[in-house]
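One chain is shown next in structure tokens, namely the form predicted on its own.
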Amino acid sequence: MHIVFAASECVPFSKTGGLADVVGALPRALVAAGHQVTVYLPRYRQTLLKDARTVVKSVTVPFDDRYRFCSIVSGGERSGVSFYFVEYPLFFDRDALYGTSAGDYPDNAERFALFSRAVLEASKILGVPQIFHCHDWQSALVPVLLRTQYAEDPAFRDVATVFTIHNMGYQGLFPPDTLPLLTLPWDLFTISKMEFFGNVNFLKGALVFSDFVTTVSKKYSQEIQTTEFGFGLEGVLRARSSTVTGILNGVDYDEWSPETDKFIDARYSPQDLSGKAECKQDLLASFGIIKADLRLPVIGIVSRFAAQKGFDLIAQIMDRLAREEMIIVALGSGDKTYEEIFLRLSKQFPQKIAVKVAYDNAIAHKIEAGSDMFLMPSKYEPCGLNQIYSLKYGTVPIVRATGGLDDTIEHWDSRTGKGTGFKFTDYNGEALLLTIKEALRAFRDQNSWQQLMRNGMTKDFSWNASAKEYVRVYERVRQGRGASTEVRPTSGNANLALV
């Protein structure tokens, strides 16, 4: 089967979040399973290509004011995956992918509409797939275009579409005049298609027109069909719930494993945990904590400093938490309020709380290896990767039971010796503090703690199982496209309460 991925970022070429990790890893797993995979990406300023070669000199993309002409550049083949890049410097040769500290780029609708059309046109030259697998709102126009303006194109007659939501909070909302600007028909601006409280919603278009919708964990696929987590689109998803599923993201154990990690001070494994103590000492030294009692538990944080990540809860309890017998090391950046809280506390408790306001991949690895616990109290978390990394490193996760955090972590039961971490349900500071204290008490019994560590280290969240689930989805939508090519967006009556 030939699958084309269309996405706005992918490691090692471009990255702002977990989307890039998925698009970098899942195609490799699919190729290893015997499938052909092509990945299309924008060519940003940060995209570094060796021996780049133009394979399609000119792709014409219509806009209401004039045509724009982009080209397609080959990025070669990596692990059997072919990479192509849409090159249009006016749109993509910028400092950042989506915007600046002042906000999103005002022409993002044009930028990613051009990208989506270029993917379709290029595939007719470089190879039409059986499946277009699109990711997040930046590629959402691919399924919209396929079922509207390209519906009569014989090249795409039997092509199916799968759309993956990585985070419902980002939808691609634009004013109504975006449609004629992108030469899209006005009949898309209806409550049953792309209209959303007076705006055009790219994500909604993909949810309506894709053959199948996936998201990145089972729990999150259920949560986004509720008012709390659906961001206004929960009704659209409920209306097509039979074609919505969650497939947990895998992780790349070639990069994230204490047995092979090139960034950490010592290697270790479930059979020999002795190297973790050296990693702990190295981690504390990296944060300037020199004379610490190594018997104290270290709680690690690697995160964007934002309320969505639970930092409002952390802020509520930090003064009380600082009195506990433990050390906290935090790496990340984001909301200035939370950055300042950590910086203030690190000055007040220099031997107990340390923070680096930055993102440093090497330090992130050191935190995973050197910490005893890892804190992720997210308000919502579609999948989460750090808690899975933590399991592999024997760094016990403390999480809120939401999304992928709930799917991947089993609460520890010292009586049975089963479980992989600690989790709480109610989103408030008291529930978080009680759960951390429970973990701190459990840490005092090092014999049972090592059992807890090994429980997590032996879990397998590699991409192989997830890739098999995606293949089952691909096969299902291929059969569906063979049976009928009629577009059936959600009915207007059903959607009245859904937007």
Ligand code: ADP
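Since the structure is predicted, the reported quantities are computational estimates derived from the model, not experimental observations. We call the rigid core the largest set of C-alpha positions that still match within 1.5 Å between the two forms. Start at 1 with the first residue shown and count on from there.
Not on display, but discussed next: the form predicted in complex with the ligand.
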What stretch, of 191-199, 173-181, 303-311, 112-120, brings heavy atoms to within 4.5 Å of the ligand in the model of the complex?
303-311
Do residue 360 and the ligand come within 4.5 Å of each other in the model of the complex, heavy atoms counted?
yes
Answer with yes or no whether residue 25 is in contact with the ligand in the model of the complex, where contact means some heavy atom within 4.5 Å.
no
Even though the ligand is not shown here, does residue 384 get within 4.5 Å of it in the model of the complex, heavy atoms only?
yes
Test of understanding: in the model of the complex, would residue 145 fall inside 4.5 Å of the ligand by heavy atoms?
no
Listed residue that, although the ligand is not shown, lies within 4.5 Å of it in the model of the complex (heavy atoms), from 225, 333, 82, 257:
333
As a check of understanding, the residue in 137, 422, 92, 389 with any heavy atom within 4.5 Å of the ligand in the model of the complex should be identified as 389
Which residues in 92-109 have a heavy atom within 4.5 Å of the ligand in the model of the complex?
none
Post core alignment: residue 304 C-alpha displaced by 2 Å or more between this form and the one not shown
yes
